Every structure is written in structure tokens, then in C-alpha cells.
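The chain below stands alone and is given as C-alpha cells, in the form predicted on its own.
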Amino acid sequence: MSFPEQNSAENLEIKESALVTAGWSAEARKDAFERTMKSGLPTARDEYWKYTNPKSLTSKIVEKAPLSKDKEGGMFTGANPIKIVFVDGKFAPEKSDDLDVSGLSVERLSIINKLNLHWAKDLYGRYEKLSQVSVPRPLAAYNTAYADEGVVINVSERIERPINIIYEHADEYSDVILRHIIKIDDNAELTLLENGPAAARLNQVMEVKLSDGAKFNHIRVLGRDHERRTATHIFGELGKEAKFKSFTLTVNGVLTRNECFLNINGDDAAAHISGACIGDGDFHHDDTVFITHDAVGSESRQVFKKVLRNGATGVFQGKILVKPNAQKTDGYQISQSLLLDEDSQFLAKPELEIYADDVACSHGSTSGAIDEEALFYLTSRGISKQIAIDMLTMAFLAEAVEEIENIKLKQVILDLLTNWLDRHSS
């Protein structure tokens, strides 16, 4: 095999010799390798990368990402989570908690890779490959081929304590690939928290299977090491009456691309994907979401809010696909940006593709500046201009943050946003 024409010798190497050739995941890895070879790594000429240049995500050279002095590991302490810690993509047992919890199985991908049989074989690469039918996602296929670490989780009942995966960054040039697989059985429930910068460059994939009646709550806070470059992917399938909720907060990072691809295959299932970001200066943030409705009475929400200033760039690409049998679908999509100066920009591509006739689907995308009347109202009552701007900024982000159901976790996010505004205002 040879590299596709659009990939140069400066890009990541796609080498068959680096594949795991034995064990239950070998077949999926070989298939992903061949697909990556065929498609090539993404370039700025690709339709779904035209707003975000992937060069720094595909280059052989990892750009330096200086380490933040702030320690972020304890931000979810109030939720009494079960901690799983990775340092530059390597599991840190001495920093992690005991994972022996009733109804919960947590294994390391690097350990179970050596087995010949495992239940994860049915899921590894399955949803990633399915996502390629609609939109090429070469970085995710690359992850399937080469990922050698991550967690494999099976939930068989309602887990009271959240799992908190903490990603620490210790090497300024670390280049990390992580793969998580999550299977939630009938009527089981899990809350997953993620936080930390992880690496100078991160390629992460999470595949999630929700069985009938299962619930998955996901909150992610991307780390404060500003020069990091991150590409994350969530792929999943929802069974009957399953509930999927994911929220991501981003306040730093020179380049962040978060992708989500979900298939709603069970009647009366619901998927909510939301995010909030505040970008300042050399900041590029991209949310790319694709939700397919393939069942009766299903619901989806995409709610994304971006606050941008000093030349920051925000991107949103969101699509809702309603198949012919997905009657009574309720699909909602909103993407909005608040531009605090004339140098920042917001690029949006919202899409609806509907083949059923009994649906309620809507989408909207707006971009604008601070409401001058509201700003005048607040300042005329003795509030300083900067505090008034911060108040209006928090009000703008509220709809996205309200997607978080847990009051304590919602307050953590609000505190992080408030602290960021306070630091940058001063």
C-alpha cells in the first residue's frame, strides 16, 4: 500500500508494522488501518475540515505545550467520584481509586488487548466505522488502528458515584492516543466526568452503547494548558428509552476539535449534546455533531454557545438526519456566538435532512455582539462596564449550562466560567 496523494512525508506514519496483530481487537485494527490508508489523513481541503486546519493534528512534529501551574484534578471532588488517572496517556495506579464497585467493571485496554476473547470485540471500532458512511473521519479511524490504552467499562446497574477520568499533562511534547469503550446494560446508569489537558496533542475516541432504558451522563472539562491540540470523538448507539447527555466546557486550547456521532435506534430514546466555550486570542474551537434518528418518538438536542474575543475563532457543524421510519421525531439544534470584538469570528454550518413527515425539527444559528441596551441598563445602575459584560456573558452561556441536570456539577461549571472571566478581566 502507498500513502494517498494528499498526504506528505511530514504527516503521521500509517504503518502496518505498528498494528497489534493478535488478540480480539486485531481484526478491527487491520480494517481501520486499511480505511485510513484509503482515505488518507484529513487536510484543509476536505469538506468537514474547511473551517479547521488539521495540520497540527496530523503532523509528525508535535508542537510544544507548556504546562499550566494550576492543578485541575480535584475540580469534581464534591461529587465524591471514583478517580481514574492518566499521565500523558499512561495509567497511574498510585493516583487512581479502587475500582472494585458492585455493578461496575473497569478494565484497561492495554491489558485486555492480550486476550483472545472479550465482550469489547463487538464494540471496538463498530460505531467509528459506521460514522464513516456519512462523513470521513480519518483521525478516528487512525485511533482505532493504533490506540493501545484507555478504559473499557461495563455497567450492569445504577452506579451512584460518578467515574472521574483525570488527564494529567507532564511532558511538554507528549503525543497521546486514548480509546474508551463504555457499555451500559438495560436500565443501568453511569455518570462519567473527564477533566485535564491530557497531552500536548491528544487523539481520543469514546464508543458508547446504551441498551434499553440505560442512562449516560457525561461532563467534560478540557484542560487549561493553552498550547495543547486536541481531537476528541464520541460515537454511540441508543436503545429503546435510553438517555444520553453530554456537556463539554472549553476555556483554553490553541486548537480543539470535538466530534460526536450518535445513532438513535430505539423508540422514545433521547440524546442531548451541548457545550460552552470562551476563547481569547489564539484560540480555535470546533464542534462537529451528527445525530441520526432511526426510531419512533426519539428526541435530540444540540445546544452550543461560544464567547469569542481578541481574534478567537469558533466553529459549529451540526446535522440532524431523520430516516423515513423515524416518525414523531423531536429534533432541536441551536448554535450561537457572542463576539466581544470585531477581530473574532464564528463559522457555522447547521443542517437538517428529513425523510419523515410527522416530525418537529428546528435549527438556528446566530452571531452577534453584546446587547448595548442591556449593557447601558446595567452600567447606568452603578455596575462597572467589565462586570456588566461578564454578567451578560454568563447569561448568554446559560442555556448550554442548563443542559446539566446535576445541581452540584452544574455549579462546578458555573464556578469555572466565573473564575475564568475574573482572571481575564483583571
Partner chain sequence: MLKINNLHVSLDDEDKQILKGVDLNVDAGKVHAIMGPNGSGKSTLSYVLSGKDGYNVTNGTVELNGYDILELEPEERASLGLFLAFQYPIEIPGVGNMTFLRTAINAQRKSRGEDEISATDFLRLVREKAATLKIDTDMLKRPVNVGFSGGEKKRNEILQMAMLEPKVCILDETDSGLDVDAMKLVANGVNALRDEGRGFLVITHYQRLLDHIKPDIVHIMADGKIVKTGGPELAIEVENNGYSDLLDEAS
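Just so you know, these numbers come straight off a predicted model, no measurement behind them. Residue numbers count along the first chain shown, from 1.
Although not depicted, the form predicted together with its partner chain is the subject of the following passage.
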Given that the partner is absent here, state which listed stretch (369 to 377, 55 to 63, 37 to 45, 356 to 364) has heavy atoms within 4.5 Å of its partner chain in the predicted bound form.
369 to 377
Although its partner chain is absent from this view, report whether Lys69 comes within 4.5 Å of it in the predicted bound form, heavy atoms only.
no
Considering only heavy atoms, tell me if Ala395 and its partner chain come within 4.5 Å of each other in the predicted bound form.
yes
Heavy atom of Lys385 within 4.5 Å of its partner chain in the predicted bound form
yes
Contact of Met391 with its partner chain in the predicted bound form (heavy atom, 4.5 Å)
yes
